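Just one chain follows, in the form predicted alone, and it is written as structure tokens.
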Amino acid sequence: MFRIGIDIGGTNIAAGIVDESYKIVEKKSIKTKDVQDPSQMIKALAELIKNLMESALVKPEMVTAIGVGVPGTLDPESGKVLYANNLGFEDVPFLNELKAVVGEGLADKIYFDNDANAAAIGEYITGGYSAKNFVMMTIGTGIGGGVIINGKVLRGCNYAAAEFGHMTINFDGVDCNCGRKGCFEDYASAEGLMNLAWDAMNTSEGAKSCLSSKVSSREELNGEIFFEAVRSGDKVAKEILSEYIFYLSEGIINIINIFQPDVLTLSGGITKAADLYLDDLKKLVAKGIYSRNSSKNTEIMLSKGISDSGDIGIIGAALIYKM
């Protein structure tokens, strides 16, 4: 038997067929920008499912569940995407329309959830965690997360729980696309780090950085270039990373103070350079948490369940029905 998982990201919509061992046996993707209209996207998802099944020679009766991870606030009771600012969706009858398009044999097997919840489910199940209380924080263009309490996903009264990226950590900070100021993700996401770096490069001291000799625009700046500069000992890059770690620690401290999970897992492309900052991050968090003198505290670790972080969303979506 198989499950199908679909992860709707800002750049790509990735879909895969997942076997009983939580391995992806077939995978396809399309560009999100090509299907920005809700009806276009729903038709494209149905086509993705069809193409995957044909490629893997999987028949409807061989599919246990189909899960879709959507970056937004969802209502599983009504089947609506209530709000997804990155997609421009509001009050979209997403689930019911997708069920209508895929037809009989598959319609009653479709589930959906927030994409960060799906990623947390994938990490928790495939990682073999024994922790009853578990938090996963995804660090990408923004910051998302999932919370599992006693083996169940915390979704909140309006299904919008764990929007970690939109807690304010700087009241006089930059404007966020959520309508507030100084949100966590504006400073501690991968995008936030690049913005900090670009701002620093445009100072008299920053002009001396090797970063300034490698890139001439914000669009050219990326994590690979930045962390290369840190590894080379560039003073400005190292100072930027220290500032970033401070912001990241502040948000993690808040999350731990609220949930006191057994484990807090970090995932996302930026964790590939965790050897440069994880120890310092843990020290800052240990000093700042309310329970700093407790004999037992949250263990902070990197995602371990799936070797390819890009597959976490697919596998997690395929397992939404379990939690």
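If you superpose the two forms and keep the largest set of C-alpha atoms that fall within 1.5 Å, you have the rigid core. From 1 onward, residues are counted along the sequence shown. Remember, it's a predicted structure, so these values are computed and weren't measured experimentally.
From this point on, the text means the form predicted in complex with another copy of the chain, which you will not see here.
Candidate site formed by 94, 126 and 321: none of these residues places a non-hydrogen atom within 4.5 angstroms of another copy of the chain in the predicted complex. Only one segment in the set 62 to 70, 252 to 260, 39 to 47, 271 to 279 has any non-hydrogen atom within 4.5 angstroms of another copy of the chain in the predicted complex, and it is 252 to 260.
Mapping the unseen interface onto this chain, residue 162 counts among the residues with a heavy atom inside 4.5 Å of another copy of the chain in the predicted complex. Put simply, residue 33 is far from another copy of the chain in the predicted complex: not one heavy atom of it is within 4.5 Å. Another copy of the chain is not drawn, but in the predicted complex it has no heavy atom within 4.5 Å of residue 283.
In the predicted complex, none of the heavy atoms of residue 55 sits within 4.5 Å of a heavy atom of another copy of the chain.
In terms of contact with another copy of the chain in the predicted complex, the residue from 154, 102, 190, 221 that brings a heavy atom within 4.5 Å is 154.
Interface residue among 232, 170, 213, 202 relative to another copy of the chain in the predicted complex, by the heavy atom within 4.5 Å criterion: 170. The partner is not shown here, but in the predicted complex the stretch 282 to 301 reaches within 4.5 angstroms of another copy of the chain through a heavy atom at 288, 290, 291, 292, 293, 294, 295, 296, 297, 298. Residue 224 is not among the residues whose C-alpha shifts by 2 Å or more between the shown form and the other one once the rigid core is aligned; its shift stays under 2 Å. With a cut-off of 2 Å and the rigid core superposed, residue 82 has a Cα displacement that reaches or exceeds the cut-off between the shown form and the other one. Comparing the forms between the shown form and the other one, the C-alpha position of residue 197 differs by less than 2 angstroms, with the core used for superposition.
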